[in-house]
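Only one chain comes next, encoded as structure tokens, the form predicted alone.
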Amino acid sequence: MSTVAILSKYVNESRKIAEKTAFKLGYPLVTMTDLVKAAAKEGNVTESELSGALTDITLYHQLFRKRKMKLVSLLELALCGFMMEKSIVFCGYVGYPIFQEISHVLQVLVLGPPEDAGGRAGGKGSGKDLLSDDKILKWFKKIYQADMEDPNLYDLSINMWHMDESEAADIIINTLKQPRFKPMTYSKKVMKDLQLAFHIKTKLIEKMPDVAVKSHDGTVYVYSKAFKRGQKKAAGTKQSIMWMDGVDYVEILKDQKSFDAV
């Protein structure tokens, strides 16, 4: 299913663009609030705890970091679910690892609303939003170790100095018509593999916050520094996911380079 992913620290402006785009395409709009509700339901956690993970920009305490990364993983899994179900327009600041893997996701960065000059009248988030302004950039950097406003991460950058929300939506829709953003058999398969990988990751990440998971046709590859400390950890991890739905084989990798090469 096609996905338009709109990311920005300018909460109100990006939300308006997303609403216009979703309306013109006839796609449902998925927001951060929608992710919180879906993840709370599926992950058996409270909406309050999930919202807290999306607003706190510290990762200092090890125990808190483990729990926070588990909650973020649940939100990413919920996003995978939305994307698998139907074509959507997403507006928020999670999901970067997912979007980077799937060719039919149009990634859009929104920059510089006109109100940014001087008094910043329009960049603040509404009461329903979870974070606004530079706090979003800090959160993104903490979680994904990347600069959210790096244009190299996106397919399209929109500068709100030069257009209104309707014009921005038209540019997004015209870009989405390019053949590269049409869901293909391979990209749909990647989406299915990612959903399984994130499902497994949510099971492991609270015990191993650095865990990374990949899935290819039922074969699951798992990496963590913890596996270097003994065979027992690796064996226990393999056993815990071997019988999960969709898993045919599990390979435990102790080396980051080996995992990246998979």
Partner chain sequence: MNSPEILLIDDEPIVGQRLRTGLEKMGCKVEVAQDPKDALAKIRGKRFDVVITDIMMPEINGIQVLETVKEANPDTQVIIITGFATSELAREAMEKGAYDMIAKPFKPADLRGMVAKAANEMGFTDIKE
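Residue numbers count along the first chain shown, from 1. Please read all numbers here as calculations on a predicted model, not as lab measurements.
Form predicted in complex with the partner chain: not shown, discussed below.
Point to revise | One stretch from 93 to 101, 143 to 151, 159 to 167, 76 to 84 that, in the predicted bound form, holds residues within 4.5 Å of the partner chain by heavy atom | key: Heavy-atom contact with the partner occurs in 93 to 101.
Review point. Even though the partner chain is not shown here, does I136 get within 4.5 Å of it in the predicted bound form, heavy atoms only?
Key: Output for I136 is no: heavy atoms all beyond 4.5 Å of the partner chain.
Exercise for review: Examine E47 and determine whether its closest non-hydrogen atom to the partner chain in the predicted bound form is within 4.5 angstroms.
Suggested key: Taking the distances in the predicted bound form, the answer for E47 is no, it never comes within 4.5 Å of the partner chain.
Check your understanding: Would D217 show up as a contact with the partner chain in the predicted bound form if we use heavy atoms at 4.5 Å?
Key -> Flag for D217 set to yes.
Point to revise | 4.5 angstroms heavy atom contact with the partner chain in the predicted bound form for Q178 | key: Q178 belongs to the contact set for the partner chain.
Check your understanding: Ok, M191, V105, I88, L71: which has a heavy atom sitting within 4.5 Å of the partner chain in the predicted bound form?
Key -> Selected residue: V105.
Practice item. Within 4.5 Å of the partner chain in the predicted bound form, which residues of 140 to 156 have a heavy atom? Give them in sequence order, or say none. Key: Going through 140 to 156 in order - heavy atoms within 4.5 Å of the partner chain in the predicted bound form - there is one hit, D155.
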